[in-house]
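Form predicted alone, single chain, as structure tokens, below.
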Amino acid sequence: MDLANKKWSEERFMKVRKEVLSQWPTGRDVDLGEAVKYRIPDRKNFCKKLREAKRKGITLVQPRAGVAVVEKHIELLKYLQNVGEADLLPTTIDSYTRQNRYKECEIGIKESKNRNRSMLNGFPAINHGVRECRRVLEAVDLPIQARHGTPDARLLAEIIHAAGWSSNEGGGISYNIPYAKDVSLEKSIADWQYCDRLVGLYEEMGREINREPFGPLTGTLVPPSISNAVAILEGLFAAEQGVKNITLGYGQGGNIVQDIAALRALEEQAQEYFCAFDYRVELTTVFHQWMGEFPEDESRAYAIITLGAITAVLAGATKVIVKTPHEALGVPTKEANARGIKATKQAVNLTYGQKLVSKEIDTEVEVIKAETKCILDMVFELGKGDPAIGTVRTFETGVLDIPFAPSKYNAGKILPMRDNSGAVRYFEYGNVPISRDLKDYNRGKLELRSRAEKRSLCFQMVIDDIYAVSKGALIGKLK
């Protein structure tokens, strides 16, 4: 295995960079020296906004959004900024770009202009290139982050960072296993090492850039210890390449106690691992509002959005990623997106300064950290101390296993299920190395539900849980 969690040499990086920049004509316009000299106002710098928010103890609000044509994309972002009152701006990248299919993007841009509506489900940043991406940044007053789902985001990273965008979401695990079928982890981790080394180079030349692994993974009944283990690993990969500003995230599960505990456990445990490796990074957190199925009814959708906003604040998240009341209907209008932001901001402002403290949360923090440690211990054991090598081997053996992921490199043997309070527990472990006492804890919680519903624990309960929220409940109980 060629892969190792080791900082790339300049020679290796520059050799690969020639190939990366030649993938599409816009790569020729990337000039690292010019990009470093390009002045970005503090109000448009992701790192500075996150740093200030953490210092003040506030939770920033960020939507998802992106369309095909530059002028329409600027109009969309300005609307979310001015009408929606977002604190941070996204640019959601289209699906063709995520698969490195830039010729199809070009067709989509032309069709979008001809039909006067976006024929792509996001913004094709690579096709537009540095100049147009910079025009987007200069048209707004807030920082921009690229949000996508790309196993190979190397050229995308080059273009957005040269344009002045100061944050990029993703990682070699989180943007592969939940998104792709045939991409090997060796390739995706190495490709994201490139993205992280690029950020490290910018850092060394005096320009701050934030990196954010994707926390929710498949967004479907993911046990917190699975998502936290992946987040910590991707944080370690980024830090090794010289990234100094990292945001680790978690996707809302629905049980308030477990969600608060999961984000607190993630921040505490990640910091412990960073310290153990002597990585000096600024760590912030992001809470993703519900990533599963939404009800079509707007009023019910707003209830889910509000619950996510309140939970984010109580968990101490530095920012929250917003859903919209049209989530069940497809790509939302800018008006619906803005309404989701404003509902979230109202809930965030009302909850500001409040903190939930309980023995139940403390217990859940310890359980999540203990489960996460079981997984990470095996990653390091199988990798003989190297977390990158260990990650590949743990997926090969099913030690790391993401529920309901499409990748053929994922074992898909674990089954999660909600307990009687709605917390996500392990029902089937596959090869995930949870200790006996923690397995007993999970089983005990699930047995309480079994007795309450008067039915044996079974796969049907998993299915019921997947669809429960869209039907108006958290737990898929029999009526």
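Note that residue numbering begins at 1 and tracks the sequence as displayed. Everything quoted here is computed from the prediction, not taken from an experiment.
The following text describes the form predicted in complex with another copy of the chain, which does not appear among the structures shown.
- Judged against another copy of the chain in the predicted complex with a 4.5 angstroms heavy atom cut-off, the residues 254, 306 and 356 are in contact without exception.
- Think of it this way: in the predicted complex, another copy of the chain has a heavy atom of just one of 131, 342, 187, 113 within 4.5 Å, and the residue is 342.
- With the partner removed from view, the residue among 82, 271, 363, 346 that has a non-hydrogen atom within 4.5 Å of another copy of the chain in the predicted complex turns out to be 346.
- When contacts are judged by a 4.5 Å heavy atom cut-off, residue 474 counts as touching another copy of the chain in the predicted complex.
- Another copy of the chain in the predicted complex comes within 4.5 Å of no heavy atom belonging to residue 144.
- None of the heavy atoms of residue 20 is located within 4.5 Å of another copy of the chain in the predicted complex.
- Among residues of the shown chain, residue 16 is not one whose heavy atoms approach another copy of the chain to within 4.5 Å in the predicted complex.
- Note that among 364 to 372, 296 to 304, 133 to 141, 201 to 209, the stretch whose heavy atoms approach another copy of the chain to within 4.5 Å in the predicted complex is 296 to 304.
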